[in-house]
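Below you will find one chain, with nothing else, as structure tokens; this is the form predicted alone, and questions on how it binds or moves follow later.
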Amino acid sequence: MPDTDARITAVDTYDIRFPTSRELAGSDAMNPDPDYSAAYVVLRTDEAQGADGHGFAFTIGRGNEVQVAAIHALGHHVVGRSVAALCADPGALYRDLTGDSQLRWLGPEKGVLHMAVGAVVNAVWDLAARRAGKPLWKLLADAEPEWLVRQADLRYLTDALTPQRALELLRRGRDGADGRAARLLATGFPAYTTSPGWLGYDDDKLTRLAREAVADGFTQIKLKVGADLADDIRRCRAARAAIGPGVKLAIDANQRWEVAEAVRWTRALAEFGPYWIEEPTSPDDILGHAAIRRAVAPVKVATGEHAANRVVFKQLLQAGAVDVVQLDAARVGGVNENLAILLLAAEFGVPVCPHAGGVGLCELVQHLAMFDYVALAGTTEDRAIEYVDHLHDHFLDPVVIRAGRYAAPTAPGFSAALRPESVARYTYPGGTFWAADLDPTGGRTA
């Protein structure tokens, strides 16, 4: 029986960094040398034999300490709070965090501070799901529509999506939900893989990994593009030859291009049948995305992993600027804001293919996509979750891929908890890996 008097006693933060730049994993035209990192937060409680809550913001190395500091700055809103009340209404804390009259100035609702809000809010949802004994996707799918509407942040969205319409969408989504949940548990959720396509990989490695992906059951792969057109033509030709005509090939420019350049470049790669062009220009340029979409059709335009908040998604959808919504579990203000983004996508009839990879993004975002399938959109048509095959072994409940599909998590929580030994090894700069790596003596003593 959960302790109704339990309180949050501490908000512990950790600067976790992995040296992925040394293998060029994660490399793209805008980010050639990322060290995948997590500003990791653990909500401690005084509940007897109770669970902690785990969350994080994803970064790519330098500056992760800034993200950790932003999470720390929010702690006074959390410590001392009733665990039962927090889990019954995560939205109350979300509103306190986004409404802090001084910290809000640093956004508002964007950037490092807003990502910190997301990390803390996601940790609350992890705690709530653990206390309920359910994986997060199931906690959300089982929730009453009225409660979910209260949790979703619909502020500034009512010109596109009213609370009443959100309630209608969620009530409609409950029809057949039990059957979809059973199918999800039996067959999983479609995935696509970016693992073959990092820009730093040579053609032989790209070809080998692309063939392996198809053999493993993936029906879509993604390549990073945007640094050099001649290289991109060569690499796309090699990828298409490796995967054949029946597998989708998406391309991702990671914000590299001007609008006109994006149109020219995408058209130059059209012979290889790209399914979508991802982040062709600045993530803030709504009208630029709309212009690109008109010009490159039938190639789809996908974006959203760097969209600062739900209002940007609203405008992308209102402007007809996007064919594929790529929400991110750790970029915006956590589950509460991502509920609003999922509802917006459902209202506009645009499929959601979440951004993943990084450190733990696959682990988190699978829950959001699976809830969307079971209890909102009701379909996996034109939908897939990104998958990148690294760093999963550092999590207590890592993703499982079978035949190109995500297996539905069954362990309680948000799948966000890192292994204690990984925290001890990769905390920067004092963890055992980094202490040895940064030691100018190489561990030698005089």
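Numbers follow the displayed sequence, beginning with 1. All of these numbers come straight from a predicted model, not from anything done at the bench.
Beyond the structure shown, there is the form predicted in complex with a further copy of the same chain, which is absent from this document and is the topic of what follows.
Taking T45, T427 and F433 as the candidate spot, are all three within 4.5 angstroms of a further copy of the same chain in the predicted complex by heavy atoms?
Per the other structure, none of T45, T427 and F433 touch a further copy of the same chain.
Which residue, D159, D228, E144, D202, has a heavy atom that falls within 4.5 Å of a further copy of the same chain in the predicted complex?
After the contact test, the surviving option is D159.
Just one of T219, S82, T187, Q315 has a heavy atom within 4.5 angstroms of a further copy of the same chain in the predicted complex, so which one?
Checked against the cut-off, the match is Q315.
Though only this chain appears here, would T207 touch a further copy of the same chain in the predicted complex if you measure heavy atom gaps against 4.5 Å?
The answer is no: T207 has no heavy atom within 4.5 Å of a further copy of the same chain.
Since only the chain is shown here, I'm wondering whether D52 would be in contact with a further copy of the same chain in the predicted complex (any heavy atom pair within 4.5 Å).
D52 lies outside the contact set for a further copy of the same chain.
So, R267 and a further copy of the same chain: in the predicted complex, are they within 4.5 Å at any heavy atom pair?
Residue-level check for R267: no, no contact with a further copy of the same chain.
Quick check on G111: any heavy atom within 4.5 Å of a further copy of the same chain in the predicted complex?
Heavy-atom contact with a further copy of the same chain at 4.5 Å: present for G111.
Just one stretch in 415-423, 401-409, 55-63, 385-393 has heavy atoms within 4.5 Å of a further copy of the same chain in the predicted complex, so which one is it?
Looking at the other structure, the answer is 55-63.
Let me know which residues along 279-310 have a heavy atom within 4.5 Å of a further copy of the same chain in the predicted complex, or say none if there are none.
The stretch 279-310, when checked against a further copy of the same chain in the predicted complex, contributes T281, S282, P283, D284, D285, I286, L287, E305, H306, A308, N309 at the 4.5 Å heavy-atom cut-off.
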